Structures are given as C-alpha cells and as structure tokens.
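We begin with a single chain expressed as structure tokens, specifically the form predicted on its own.
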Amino acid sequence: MKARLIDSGNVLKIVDLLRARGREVIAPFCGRGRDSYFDTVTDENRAQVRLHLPNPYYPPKRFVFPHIERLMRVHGKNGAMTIEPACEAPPRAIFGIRSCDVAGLWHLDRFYLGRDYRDVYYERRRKNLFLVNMVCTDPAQDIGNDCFCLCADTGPAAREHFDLQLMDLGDGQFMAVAGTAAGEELFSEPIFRKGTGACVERRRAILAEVRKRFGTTTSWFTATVRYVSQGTILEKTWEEIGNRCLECGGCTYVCPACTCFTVSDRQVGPEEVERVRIWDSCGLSGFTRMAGGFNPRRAVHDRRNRRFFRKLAQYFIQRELAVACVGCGRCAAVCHGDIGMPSIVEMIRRAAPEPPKNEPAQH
C-alpha cells in the first residue's frame, strides 16, 4: 500500500476532489451533545464536517443497503401488466467511515455477494461506493466506553477493504494510505506529499498507544463461540437473557453487520403496486411467524438465542469467514436491558457448565 502525507488544513479538500469527480459525499457531522450523524456534504455544511467525533449510532451501511428500498413497480391496465425494476445507485463516497463500519460493509459484501446468488441491488450500490476510512486516534472523542473493536480484530485501523485511509499523526499532519487503485489515483493531486520512515514509526507508536485506551474488552469471544456452536448453553441462561429483552429491535437496526430484511408489496396508485425491501429484526415477534399464524420462536428467549447463534456459531463463521460482530459497541450503547454483545459474551461464559476436572489416578 502506498502512503502519503497531507496537512490537516487540506484534509477536507479530499471531499472537494471526490465531489468534483461527480460523487455524492457522505460525511460525519456533530449534533447536540454526544449526537453525531452521517449526512450529504453540501457547499453550505462542508465546514461542519468533523474528523474526530463519537461514531454515529446509525451505521452508514444504509447507503448501500437502505432501510426502505424500492425493488420494482408493477403497472396494470386493461389486463396488461408491466414490471419496472428500480435501483438508484448514484456514485457515492463515505468520508470518515470508522474501521468497524468498514468491516461491517465487508461482512455485508460476503453475505450479499459472496455466494451462489448475488443481490443486484446491493451490488450496484457497492460498486459505486468509495470509502475513506478514518482511524480512531483520539481517545476523548473517537473511542467510546462501549467500543471493543480490538476483540473483533477490526480496529482501531482497518487493514483492508477501504479505498483511502486517513490517520491523524498530530502536529498538523495526516497520513493517507491507499487501499485500492482508485485511492492511489488521488495521490496525483498536489495536496499530497511523500513522507519519511519517521512518519511510519510515528503511526505505529500512535496505534500502540491507542490500543491501550479501550475500556471495554470482550476477551471471551472464542469460548462463547465454542459454547454456542456446541449447543451447551443452559436454557436458563437464554431465559435470563430473554427476560431482559424489550423486543425493540434496536440492537439489529444499529448493527453494521446485520443483514435481515423483509419484502412487502404495497399499492401506490389505482393501477400501480410497488415492491419494497425493509430492514427486519430477528428479535421481533413477527420475524419467524408463518403464514398460518404459527410462530416456532414465540418465546423472546428463543429469538435472542437465534440472534446470537447467527452471530457466533461456527457454521456461519465458516461460511462468512468472520464472527458477525465488528466491535462497534452500538448494541451495548442502545440496549435498555444491557444485553449487548459484550454483556452476552460475559453472561454465556460465566454461566457455562464447568468442564470435568482431571482427577489423578489412584494406585
């Protein structure tokens, strides 16, 4: 990977370059208090783009996998029917996407594009997306109490799956690393200059120090994967988890790696129907309800069971090459019942039956 230096005062010129190339640029902004959000950059709000801020709760995956997405329109008149596919896939760039969210998009890539059937709606948006990853280096702003990307091996600096990566080296300098040919092409612009070996050492030192600043760790991931995969988790543990769940679906809607959706047809005119895809949640009671009304997962703890089986079971890890959790901590931040991923991993590990101890043989 090629790297260059750029002055902090020129970083937002990358946004200008991407916009000049015809891309809609999505970037992070800061609202009131801790609130932060991704929004489209315009001439009016460009100066408000933030480089260091708490990671927005609403993940940027919606720019390739929209919350509500029209798939097609069906027109019928005088017995004739026409079907009009719908797919809006404008060239976009996400500027300032965190490393955990880069990993979340890669997980969606493996789910929607990595097997026998490819989702053409997702594929078109993904091909038109340029990612500018921002490394988390400011513990006071970038790193929250619920972040555990170290345990998920996704941060604080992404190692791949980005087009361009920016890292604040301090002293008014950023290091830019190209992850693709499209990212490297930007290095021809005069705002970038070559660095030195000292800059690379400075990067390594910063990352080593930042890794020490994460408060929440989930070091029992491996053990929990084993218990979930083997089906040895006690039923009372699942029931305890289910009793805490309010069935709001919040953990799913803020998760960068969740892929569930439902499809619905709705009439939008006297002779027109549209089919839409909408995010769904395995935690909601209607998710597994069948057409006749029977629900094999009526109990809430059965749905919690399914959610964490899907994220942690070895079968899915082998199929998608990673745990379906990127360590962003959003589920822990929004859950009113304290059953985000860090808490679940700890509860399962502590409640697991003790393995038989090897007793010395007596002769």
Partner chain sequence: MNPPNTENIYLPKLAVLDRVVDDIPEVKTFYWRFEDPAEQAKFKHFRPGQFAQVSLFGVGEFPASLPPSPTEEETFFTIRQVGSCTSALHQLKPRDKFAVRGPYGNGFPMEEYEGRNLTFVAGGIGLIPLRSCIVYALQNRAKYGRIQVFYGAKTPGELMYLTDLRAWEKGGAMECHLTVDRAANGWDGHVGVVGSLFKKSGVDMPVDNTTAFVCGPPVMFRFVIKDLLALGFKENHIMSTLERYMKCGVGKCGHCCIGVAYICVDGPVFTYEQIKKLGEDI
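Residue numbers count along the first chain shown, from 1. Keep in mind the model is a prediction, meaning the values are calculated, not measured.
One more form of this protein exists, namely the form predicted in complex with its partner chain; it is left out here, but the text below deals with it.
Using a 4.5 Å cutoff between non-hydrogen atoms, Glu184 does not count as a contact of its partner chain in the predicted complex. Interface membership of Ala291, defined by any non-hydrogen atom within 4.5 Å of its partner chain in the predicted complex, is confirmed. Although the partner is absent here, Thr259 sits close enough that one of its heavy atoms falls within 4.5 Å of its partner chain in the predicted complex. At the 4.5 Å threshold, heavy atoms of Phe63 stay clear of its partner chain in the predicted complex, well away from it.
Put simply, of Ala223, Met72, Leu246, Val200 only one has a heavy atom within 4.5 Å of its partner chain in the predicted complex, and it is Met72.
This chain is displayed alone, yet in the predicted complex one of Arg115, Arg204, Lys194, Lys127 has a heavy atom within 4.5 Å of its partner chain; that residue is Arg115. Here the chain stands alone, but in the predicted complex its contact with its partner chain, taken as any heavy atom within 4.5 Å, falls in 310-318 among 34-42, 331-339, 47-55, 310-318. Taken together, the three residues Leu12, Pro190 and Arg213 all stay farther than 4.5 Å from its partner chain in the predicted complex, as judged by their closest heavy atom.
Taking a 4.5 Å heavy atom cutoff to its partner chain in the predicted complex, none of the residues in 15-41 make contact.
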